[in-house]
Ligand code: GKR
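First comes one chain, alone, set out as structure tokens in the form predicted alone.
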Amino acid sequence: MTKIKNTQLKGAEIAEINITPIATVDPPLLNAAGLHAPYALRIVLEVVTKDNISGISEIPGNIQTNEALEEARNIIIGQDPFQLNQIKQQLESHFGKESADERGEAPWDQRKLVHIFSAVEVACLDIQGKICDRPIVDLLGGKMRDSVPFAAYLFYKYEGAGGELGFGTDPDATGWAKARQASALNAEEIVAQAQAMCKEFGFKSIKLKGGALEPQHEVEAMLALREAFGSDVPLRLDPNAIWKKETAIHCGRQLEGVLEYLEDPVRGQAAMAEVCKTLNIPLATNMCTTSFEDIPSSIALGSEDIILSDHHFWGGLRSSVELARICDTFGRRLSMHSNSHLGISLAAMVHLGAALPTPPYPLDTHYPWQSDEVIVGGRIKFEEGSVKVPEGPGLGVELDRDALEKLHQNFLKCGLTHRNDEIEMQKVQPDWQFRATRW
């Protein structure tokens, strides 16, 4: 029997890690947790081998994650970027395994280890692709489609475009740039926002981030969108689990036959299961089933029809492929959650979306709301609501170091260390407080 030697490929040894916190302009978008700050925090990770092969990734930013990545530096340096199972095991041994309970009650995931490993994994896959001269989609099993569709992601919002503009506006803006800074606090303004976004990017399905206004206002906005766009444009609503069961059922019945799916109307798998059994609308989640340990109870209860993956929160791209197979096995569908990301994360999402054997629902993306970028060539283009799989090895995108430094200076100047939408909302409404269940 021939023995396989455990030898490294030439250059496949991690020699350097660069961790850069950045702040990207973000408009004053409303959600169940409050209000977006003028800047969204991200962390760009660069992993470099001893032969100067560089891999990059991008994850949600906060000071705790940044410190954890610094702590992980000595674990990662010296490793073979192809040995991701070993790297993950050593990270878990150092930091300890996380449970689903550590996700937190806010609409975004507050775990630490999944962020760290997803950052390391994507950067290492970028390196692997460059060594093998193959795109990441091929490392995930191969390309099933040449481009990946996305959905328009609407928000209730205050006037303003974020960043130095804060709540101000640019009077010379036109088209989507003008709509991006306009207020949207009623159904008419949401429809106008949707029309501008779909015209600019060609999106063919629409999602509204709910949980910001009283439920009936959000129902009326969905009905207005249906009237404006017709039945050929799928619609989704995401109240971020802030409704009571009775509210979800009352509102859901008004939206039967209108919504493609209703995302996280209530909190927790048991409540989701009750609503799912009552309404004739598919339910989706990014909040009640958020880890592999959640899946057995999800299947037993029947808590949702669609799981929204996010490689930042599910432990990377390969774990998301595993999740897709589980969804296929148990008759679930898959789509992807989004956060205030730039082109590195968008490219990773596209590689994953192109590799999935079963076509996913059009993916969520905050990308139209962002105006900055950290990749060479600037903003990634949407064609008819879709993004083509990047060409070239690895991720197919490269770091623009001047842009990275500019956004790092934003981080240093803005003074933000973590996301806190409650505090931002209190700058507008001093008595406002986050409540896990509001209506």
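One-based numbering along the sequence shown. Remember, it's a predicted structure, so these values are computed and weren't measured experimentally.
What comes next is about the form predicted in complex with this ligand, which does not appear here.
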- Query: Might residue 115 be said to contact this ligand in the model of the complex, defining contact as any heavy atom within 4.5 Å?
  - Reply: no
Note to self: Please tell me whether any heavy atom belonging to residue 181 falls inside 4.5 Å of a heavy atom of this ligand, as the geometry stands in the model of the complex.
What the structure shows: no
Item to complete: Classify residue 333 as contacting or not contacting this ligand in the model of the complex by the rule of any non-hydrogen atom within 4.5 angstroms, answering yes or no.
Response: no
Q) Do residue 339 and this ligand share at least one heavy atom pair within 4.5 Å in the model of the complex? A) yes
task = Check, residue by residue, if 155, 207 and 286 all come within 4.5 Å of this ligand in the model of the complex, counting heavy atoms only.
result = yes
The listed residue (238, 218, 121, 304) that reaches within 4.5 Å of this ligand in the model of the complex by any heavy atom is 238
None of 57, 49, 65, 31 but one has a heavy atom within 4.5 Å of this ligand in the model of the complex; the exception is 31
In contact with this ligand in the model of the complex (heavy atoms, 4.5 Å), from 185-193, 79-87, 140-148, 363-371, is stretch 363-371
